[in-house]
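For reference, the chain that follows is the form predicted on its own, supplied as C-alpha cells.
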C-alpha cells in the first residue's frame, strides 16, 4: 500500500498540466528564496550600460541605471511571494473559522456573520486599498499582506459556509452529536478535515488575488517597496520610458512574465489538487 506522500505524487502526476504547474512553482520558489544566497544583489549604477539589449553579459539586458535585469528578477520574487502566501493564509484562516461556525451554528450567529461578509463584498477592494495606502505606511510586506487578508475573506467564507451546511447533515456529524463531543470538536475535528481540498484551493486562489492587488498598488506607486520587487520593476520600466528605447523592452516584459508564470503555476497546481483530493476525479 502506498504511503501518503507517494500517493499524493501518484495522483498529482496524472494531471500533466497540474504537475507542470507544481514543478514551475517549485522552481520559482527556489529562484526567489534559495538562489539569491548564491547570486549577490548588484545595484551598482553603470551610466555607460543604460538600457542595453540582451547579451551574454546581461541575458535580459539592463535597466535605466545600467543594472542587470536578470539579477533583479532573481531577487524580486521574494516580496511578491511573501505577500501572496501571508495574505492567502490570513484570508483562508478567517474564512474557514467564520464560515464553519456560521454554517454549523446557524441562527442569529449565521445571520450576523453573513451580513458582515455581504457588507464587505459590496465594497470595491482595490479603490479601498488605494485610499488606505495613502494613510498607512507599508514599511514591510507584512502590513500589506495583513490588510489584503483582512479584506479578501468574505467570498471564501460564504463558499465554506455552504460546504458546512451540506456536511453537517452527514451521518458522521450526527454520530458526533449523539456522543456529545461539543461544537468545537465537531467543527474543527470532523467537518473541516473533510473539506481540506476546498480549503487548500481557496487559499491558492486567495494568493492569486493578492498578487494582482499588491502589484497593482506598487505599479501605481501606493506601496513603496524595494527596487528589486517585480512590481517595482514594472513601475520603473514604465515611468522611466523603457518602451521607448530599442532593446530595453525586456525590462518591462521580464517581471510581467514572471508574475504571469507564478499565477499560472498557482492555478494549474490548484487544478491538480482538485484531482488529488477528490476521489471522483481520480479515475482508475
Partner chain sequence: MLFVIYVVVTFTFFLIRLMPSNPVEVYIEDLMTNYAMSYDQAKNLAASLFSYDIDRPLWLQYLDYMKNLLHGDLGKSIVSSNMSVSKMMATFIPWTIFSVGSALLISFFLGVILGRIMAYKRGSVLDHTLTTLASIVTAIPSYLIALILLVFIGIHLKIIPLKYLRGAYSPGIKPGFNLKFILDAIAHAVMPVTTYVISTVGSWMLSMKSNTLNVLGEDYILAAKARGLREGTITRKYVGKNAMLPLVTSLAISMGFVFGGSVIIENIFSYRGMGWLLSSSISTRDYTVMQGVFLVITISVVLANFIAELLYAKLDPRIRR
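Residue numbers count along the first chain shown, from 1. Worth saying up front: this structure is predicted, and the values here are computed from it rather than measured.
Omitted from view is the form predicted in complex with the partner chain, to which the following refers.
Q: Within 4.5 Å of the partner chain in the predicted bound form, counting heavy atoms only, one of 37 to 45, 57 to 65, 255 to 263, 22 to 30 shows up; tell me which.
A: Checking each option against the 4.5 Å cut-off leaves 255 to 263.
Q: Should residue 70 be counted as a contact of the partner chain in the predicted bound form, where contact means heavy atoms within 4.5 Å?
A: Contact check for residue 70: no, nothing within 4.5 Å of the partner chain in the predicted bound form.
Q: Would you please decide whether residue 161 lies within 4.5 angstroms of the partner chain in the predicted bound form, comparing each non-hydrogen atom pair?
A: The answer is no: residue 161 has no heavy atom within 4.5 Å of the partner chain.
Q: Report yes if any heavy atom of residue 208 sits within 4.5 Å of a heavy atom of the partner chain in the predicted bound form; otherwise report no.
A: Because a heavy atom of residue 208 falls inside 4.5 Å of the partner chain in the predicted bound form, the answer is yes.
Q: Residue-level contact is defined here as any heavy atom of the residue lying within 4.5 Å of the partner chain in the predicted bound form; does residue 53 satisfy this criterion?
A: Judged by the heavy-atom cut-off of 4.5 Å, residue 53 is well away from the partner chain in the predicted bound form.
Q: Taking 220, 234 and 249 as the candidate spot, are all three within 4.5 angstroms of the partner chain in the predicted bound form by heavy atoms?
A: Yes.
Q: Can you tell me which residues in 110 to 133 come within 4.5 angstroms of the partner chain in the predicted bound form, by heavy atoms?
A: 119, 122, 123, 124, 126, 127, 128, 130, 131, 132, in sequence order.
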